[in-house]
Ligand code: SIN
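Next up: a single chain in structure tokens, the form predicted on its own.
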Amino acid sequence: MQTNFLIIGSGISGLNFALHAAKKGKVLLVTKKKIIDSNTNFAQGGIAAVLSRTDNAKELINDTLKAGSFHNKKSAVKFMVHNSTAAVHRLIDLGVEFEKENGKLKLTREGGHGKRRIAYVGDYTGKEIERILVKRVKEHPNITILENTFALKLITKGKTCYGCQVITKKVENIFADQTILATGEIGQLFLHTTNAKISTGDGIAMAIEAGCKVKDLEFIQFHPTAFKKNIFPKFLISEAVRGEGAKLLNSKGERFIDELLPRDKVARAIYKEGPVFLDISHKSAKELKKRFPRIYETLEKHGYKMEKDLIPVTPAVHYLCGGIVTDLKGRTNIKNLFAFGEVACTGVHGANRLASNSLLEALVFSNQIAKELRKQKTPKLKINKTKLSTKKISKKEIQKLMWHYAGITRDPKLVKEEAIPKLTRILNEIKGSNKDLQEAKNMAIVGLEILKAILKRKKSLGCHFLKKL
């Protein structure tokens, strides 16, 4: 197959980019499962931006830098924030109907933000954005969608990318003028995560294998308030619940932390304190059902009423702050290979992501990259055929290992002496190729890079917290 623009991934950044790219050439969008399956769907809170007269770019920049422990790339933060208002209005123009009051956007607040500046749709903002973008993508005659298509490896020669090898019912080669990685998350590397089941780090692993630079993989954000029930992936209870006044209580019914501190601090406090409960009983059932319909319904199914019950919560892996190194135009160090969304490291998030900056980053940078688009003559390379194996493999061993050694607190000695040798052995034992085996291999490749990054970072910073020995 041949196309102008090959997009791997169907979250907000991949879909938004597809709409831009379709104005300049043929687009092929490859997605692992259904087009609707992405972590964008799980984004409850909303999208942060400068949206009111009482707010300004300087304050959002400062809040982002503070949350990121000032490890952020300041030029990237400024670029994102200065383009934030336009990004939200692009979504509105595409058809996203954010909550309004008296004709103006209704804004909420989350941890780390000094102001109410988050546009939202109930407690299913990501799902609504995804719905609208999918609708617009399906309507466009220049966009072809390949569902249930697994990206196996990038097609490269020297320092140039020519496309990607994929698995449909067989192994096929897709050649492209420009290839875009928008594959999202790595949460399934861990035993407890809020990420979708497709989140096995495929994009980062392919990029590493192709020679891409990666950075800040040790900064893995744990969301403080996942519902503490035996659900996989964990059900997220949005930070917006705390933004609307919910308190965190310990087993004695006492508050033990400011609920609106940045996520790294709140997650560690809950981890240390446990068991911990979320209390928003000061709100009525009517208010809660209107503001948090999906959360209310899910908790009710499990026997909890938000207006009267204490909700058990626990931290879970939620977001990778690092990733494939890109510039402000999404370019990697491999020619004709771009990356954006969670798979990329633009430097925006630093050592810890500020709440509701993820959808914003994905949108702003996938808007910017469109300016770099160009058609070109791409040669078809001769690629060795890959035979598919029928073997299966359990990923649980990797998930348990990463949770134990690369969790909320890390012990460098154990990472070096136990975790890296164990994961290296697992990686070396994975033989053959198929979707299941490749996912496990990708998890092991990315897991090893995370463990190595943990060893390099000698001091605690943001999401990276070392045990005091």
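Start at 1 and count along the sequence shown; that's the residue number. Everything numeric in this text was worked out from a predicted model, so none of it was measured.
Here the subject shifts to the form predicted in complex with ligand SIN, a form of this protein not shown in this document.
Check all three, Glu110, His223 and Arg353, heavy atom within 4.5 Å of ligand SIN in the predicted complex
Every listed residue reaches ligand SIN in the predicted complex, so yes.
Can you pick the one in Ala119, Ile280, Leu236, Cys345 that has a heavy atom within 4.5 Å of ligand SIN in the predicted complex?
Comparing distances to ligand SIN in the predicted complex, the residue within 4.5 Å is Leu236.
Only one of 330-338, 209-217, 237-245, 75-83 has heavy atoms within 4.5 Å of ligand SIN in the predicted complex; I'd like to know which.
It is the stretch 237-245.
Residues within stretch 243-263 having a non-hydrogen atom within 4.5 Å of ligand SIN in the predicted complex
The one in contact is Arg263.
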